[in-house]
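In structure tokens, the next block holds one chain alone, the form predicted alone.
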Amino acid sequence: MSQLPRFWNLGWSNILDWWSNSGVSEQESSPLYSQQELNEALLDHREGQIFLTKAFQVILEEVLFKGTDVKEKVCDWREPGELAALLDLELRENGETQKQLLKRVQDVAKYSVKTSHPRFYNQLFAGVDYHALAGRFLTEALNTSQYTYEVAPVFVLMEEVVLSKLRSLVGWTQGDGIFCPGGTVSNMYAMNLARFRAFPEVKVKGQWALPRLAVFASQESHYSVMKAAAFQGIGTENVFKVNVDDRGCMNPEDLGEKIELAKSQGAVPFFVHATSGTTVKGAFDPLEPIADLCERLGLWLHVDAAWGGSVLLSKKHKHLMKGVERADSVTWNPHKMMLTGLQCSAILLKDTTDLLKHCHCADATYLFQQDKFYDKSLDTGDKSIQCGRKVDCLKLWLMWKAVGSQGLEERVDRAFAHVRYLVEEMKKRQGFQLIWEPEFVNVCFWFIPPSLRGNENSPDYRDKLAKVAPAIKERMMKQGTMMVGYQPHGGLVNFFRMIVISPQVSKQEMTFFLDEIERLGNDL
């Protein structure tokens, strides 16, 4: 590694102390560095590029070759103390050699969970699309911020094309939108916009100038609704939870009753949060009757389709979101079922009055000058609550260019087909008990080991069953064979939630999954 300039290792506090105590004027020469050192670049591009090339080879080998090979582990489990020691996480005064740094890169890859592995079913994202990954690499290399046309000309134009395509799938010929850092933030945008439309004075005067507000969401809605209400000062007590049916879908009649209840308590209803693809059950709220109610009462209807939005790509399955075009806003996370990679989330709006900008703009003159030499409407940064904003459109655009709408539709249909196969096979085996028939690609079930079968009426059955999923999960993690999530839900004790979306998955993986659950749990 090349020799660093002498001042590099002094530390900024020492440099500032030296500067303040020295009384050096602009005319005086500084002993801190020589004129020759100032004439030389601090960073050596050639050396950095050699390191990057070698690091990239490690990433290819450890993450993309081994990390997608069924013969390799999904994770190489280590306890926290051991892992911290293996990684040598301490940050020191002096830098390390390239050889040491490449070892760091390899260790990070080795001990991280391989979410692109065909046997990773733990989250609402999985698998890898190599075109999207190329877009992610290119995004990082270009390192720009998506707020003005002058610093991100390609991506300002690209983002609007991608958002327009997503809106067209919702059923809108025009509208607005923006990419956000995750579905939670997209949902927060929707609530904030709904409040601003109903009470524009909130931007200047604040929440104190408003009446008590009421939000409505189903019992199965994402917890981001509660976070948004707390974060925006509306208050979690003002989120009215609407009852659901056995499938987990919102009951429109109870929604009407909850709205009347809120009014009777002196609250002003303004926002209804429906869900297309709930996190655990994968349920889709009935949008048509919900939209009828919202239109009649003048309420903002938001559809959280962060998880389920990708069914709109499929002619066979888009009926699950019938009526979505009647919503005011939609959240959609392509980083989930569409495989763009984390993170990629859009808030889509039917609005054509520039509500997004009016609600969030702060008119920073150092960014959004009004006398620019190009069309200043191309500067989209004031639509966002952020200043710097990561480019999230490139990975989705490049993937879409590669496989087309037809290829994306095939992925959705294939995921549903794998779920049907898995459920059929599950029903043929003893010990697998479906909790409900899946509407989406969430397969929720208990595995009942031989020791508990036939003992459903015993007083300690539920307590023992609750321990099965955590025990199997621990075994699979420590052996590294696969990953699948579990949770309690409502009055139900711990059960598995299997998520099937990766295009790398085949029927063989579905069979292995069932075999492995049996192998890990039969002796419990």
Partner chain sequence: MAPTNNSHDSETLSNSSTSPAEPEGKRAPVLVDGVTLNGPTLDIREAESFLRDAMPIIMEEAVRKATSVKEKVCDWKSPEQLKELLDLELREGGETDPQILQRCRDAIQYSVKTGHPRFFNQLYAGLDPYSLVGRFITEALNPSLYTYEVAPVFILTEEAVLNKMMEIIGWTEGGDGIFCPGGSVSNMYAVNVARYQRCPDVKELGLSALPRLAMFTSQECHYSVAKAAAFLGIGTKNVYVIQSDNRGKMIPAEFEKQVQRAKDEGVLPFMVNATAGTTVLGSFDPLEDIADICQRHNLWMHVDACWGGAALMSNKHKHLLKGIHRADSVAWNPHKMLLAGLQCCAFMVRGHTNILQRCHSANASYLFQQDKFYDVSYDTGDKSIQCSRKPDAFKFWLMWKALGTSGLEERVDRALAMARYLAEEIKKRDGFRLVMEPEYANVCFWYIPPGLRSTPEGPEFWSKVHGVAPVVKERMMKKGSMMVGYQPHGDKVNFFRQIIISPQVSREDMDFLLDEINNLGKDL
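Positions refer to the first chain, counted from 1. Bear in mind that the values here come from a model prediction, so they are computed numbers and not experimental data.
As for the form predicted together with the partner chain, it is not shown, yet the points below apply to it.
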Worksheet item: With the partner chain left out of view, which of Lys73, Lys258, Arg195, Lys350 would have a heavy atom within 4.5 Å of it in the predicted complex?
Response: Arg195
Worksheet, complete the sentence: Note: exactly one of Gln433, Ser145, Asn243, Ser451 sits with a heavy atom within 4.5 Å of the partner chain in the predicted complex, namely Ser145
Item to complete: Could you tell me which of 127 to 135, 249 to 257, 438 to 446, 292 to 300 sits within 4.5 Å of the partner chain in the predicted complex, going by non-hydrogen atoms?
Response: 127 to 135
Worksheet entry | Non-hydrogen atom within 4.5 Å of the partner chain in the predicted complex for each of Leu42, Gln57 and Gly341 | yes
Worksheet item: Is Glu325 close enough to touch the partner chain in the predicted complex, meaning at least one heavy atom pair within 4.5 Å?
Response: no
Worksheet item: At the 4.5 Å heavy atom threshold, is Gln487 in contact with the partner chain in the predicted complex?
Response: yes
Discussion item. So in the predicted complex, is the partner chain close enough to Phe120 to count as touching (4.5 Å, heavy atoms)?
Written reply: yes
Item to complete: Could you confirm whether Met482 comes within 4.5 Å of the partner chain in the predicted complex, counting heavy atoms only?
Response: no
Discussion item. Heavy atom within 4.5 Å of the partner chain in the predicted complex: which residues of 485 to 524 meet that condition, in order?
Written reply: Tyr486, Gln487, Pro488, Asn494, Arg497, Pro503, Gln504, Val505, Ser506, Lys507, Gln508
